[in-house]
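The form predicted alone is given below as one chain in structure tokens.
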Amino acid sequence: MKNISAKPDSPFYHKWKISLGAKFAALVAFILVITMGTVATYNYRIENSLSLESLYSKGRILGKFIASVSPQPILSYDFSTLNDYVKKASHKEDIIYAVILSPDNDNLTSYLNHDNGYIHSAIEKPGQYTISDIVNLVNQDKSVIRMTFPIILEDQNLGMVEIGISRERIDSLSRKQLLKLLFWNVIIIIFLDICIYIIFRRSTLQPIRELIQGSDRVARGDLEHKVAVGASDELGTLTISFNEMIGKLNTSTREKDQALTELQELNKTLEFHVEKRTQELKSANKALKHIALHDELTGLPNRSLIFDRLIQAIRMSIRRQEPFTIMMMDLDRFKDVNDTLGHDVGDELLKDVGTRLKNSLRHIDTVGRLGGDEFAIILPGVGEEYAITVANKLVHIFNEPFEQNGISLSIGTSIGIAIFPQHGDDTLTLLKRADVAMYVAKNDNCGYFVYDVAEDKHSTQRLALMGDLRNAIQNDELVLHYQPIIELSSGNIIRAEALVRWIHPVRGLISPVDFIPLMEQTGFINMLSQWVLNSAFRQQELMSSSGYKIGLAVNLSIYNLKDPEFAEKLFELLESNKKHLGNLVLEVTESAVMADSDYVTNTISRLKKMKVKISIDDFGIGYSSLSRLKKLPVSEVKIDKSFVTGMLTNKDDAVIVKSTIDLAHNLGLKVVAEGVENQESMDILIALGCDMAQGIHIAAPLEIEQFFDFVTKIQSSKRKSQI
């Protein structure tokens, strides 16, 4: 190849010579293109990211909303309402579909946005497709965002909400905005480049041309010629003599060294500040991460971190081929502490619980707070035998009282145990089954319980029963039965205890033992008690109009006495039924009456002033304080039937019955013995001086018509005996 010379007088040099102005204009244009292009790209990414975040937020809000309103329709099998919820909430821009799946991934309801191209594309493909098939086809597109949200009610998994969101519109708008921005950037770059070139040409290129022309004249021998430079800038300095230029060059060298030293110091200062700021950001990020993954009150891992640790435990157990244990634990009497002593004391108690748990477990174990008074414990590499040992240890530890503000609090705990992989191989299954086991432990008052599939079936039935409870009162499925209470000295029927029964449309008669605790747990107990009182008063009015002068006994729950709203409704009801107040007895359990609550005491005192008698039900199975019993405005006690039925064969039960009668009489209280099953028990109670009795030996609980017949029969029999 021929070597092309680049000498100034060569033809190639003149052909390809590019002017300084053109180079400067090109350089400015290049810098503007790079700068504004970078800014435009950065803005595009920021705006696209913000738009996508807004889209995600929109999806989360929608998903959480649907998940929050879905439990009631799911439990009541009201899929029409559920479908309306999903359709109304999901008919929004960018939403492709919204489906609700059961825990078994069955489709409960769905919404497909037929205005969306993804849905059209999925439906128009050949073949028969279910909703799940269409959703799976849509999710294959990378621009579709799939989001899922669990539907949880009281730690029970009722299903999952799945939402599909299209990011196509957001991406399209962002691309259009980028193209628009790039177009205007090109216009601005051209305009700025022209303006800068004109200024550069007038201020710099013109003096340079004059200097070149003067140099050419001097080179041709015109030594008298002097270059006239109008500006006093660097171009003017260029005309100074060589010697002066050398002197200035030496000065400039010293200045450059000094400037370099200053620049190095500035760099060190900058590096120091950058390092300091980096450490501050690391500390802030660490603190934020801790806050996001830990419970604010106790400092223990929260639900999110527990789920993450559970996933890690599953992976490690699979890799090492060993089991691990998940425990669910809650406090037995924590609600009583909150209601009686306040939430501040409850919060301090939860902190002490967290500390006690951490100090009782290994350093490799994880203990976290799921919410409220519920805690989760993960024991890596531990099977059932060791898990039971740990559970026994925790039950023993939590039987030790807590000290709060000088008060000794005994709370106790119930623990549910599930083992991986024996009881489940995924997080949700393990947590659910540990929760089922915990529920059994609490119901059986046994401290801890290892998951059993038989109890899980019971839990499912219980969940269905809770759903039916919502409509039992509205559907008129509840009835009152009446069990007579007689005066032992005369044999007269002086009172009837109103007992609620549930006639389920499918399951038939359901015992109160099965549904009253559920009523208390779900908060329906106030509604139920209000219904019982209203119905009992109506039927007592019927008794009075029929000539039966019989008192009425109604059971109340501790939750009724502690609820100010229920108490006020009760007083209003009593005000409107004043003529029956002298014959009304409200039965409350021993634990409810003995609760150290000023509000409960004031409520009982107010009822006493309204001539309502208070009877302590199930007396003897609790831990009554005699000094407190003496101060309470109660009228009578009911000996628990377990002692009455056992006194014929168990000397201890007989002693308890006799002692209770003597104690009550010494305190000025009447005594009712319940659970009288035979005449021998009746004779013993009469001999011991018991005042009243009830039980199947006298009569079982009767429907209102049967009760009238029974009373009529007894009264007729007594009249005949008097003749």
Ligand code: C2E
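Just so it is clear, the model here is predicted, and its values are computed rather than measured. In this text, residue numbers run from 1 along the sequence as written.
Beyond what is shown, the protein has a form predicted in complex with this ligand; the following relates to that form.
Contact annotation for the candidate site: 483, 516 and 617 all lie close to this ligand in the predicted bound form (heavy atom within 4.5 Å). The partner is absent here; in the predicted bound form, the one residue of 137, 186, 194, 532 having a heavy atom within 4.5 Å of this ligand is 532. In summary, among the residues 370, 600, 556, 74, the only one with a non-hydrogen atom within 4.5 Å of this ligand in the predicted bound form is 556. Exactly one of the stretches 52-60, 693-701, 661-669, 25-33 approaches this ligand in the predicted bound form with heavy atoms within 4.5 Å, and it is 693-701. Taking the partner from the other structure, this ligand in the predicted bound form has a heavy atom within 4.5 Å of a heavy atom of residue 677.
Of the heavy atoms in residue 499, some are within 4.5 Å of this ligand in the predicted bound form. Within 4.5 Å of some heavy atom of this ligand in the predicted bound form lies at least one heavy atom of residue 587. Using a 4.5 angstroms threshold between heavy atoms, residue 528 counts as touching this ligand in the predicted bound form.
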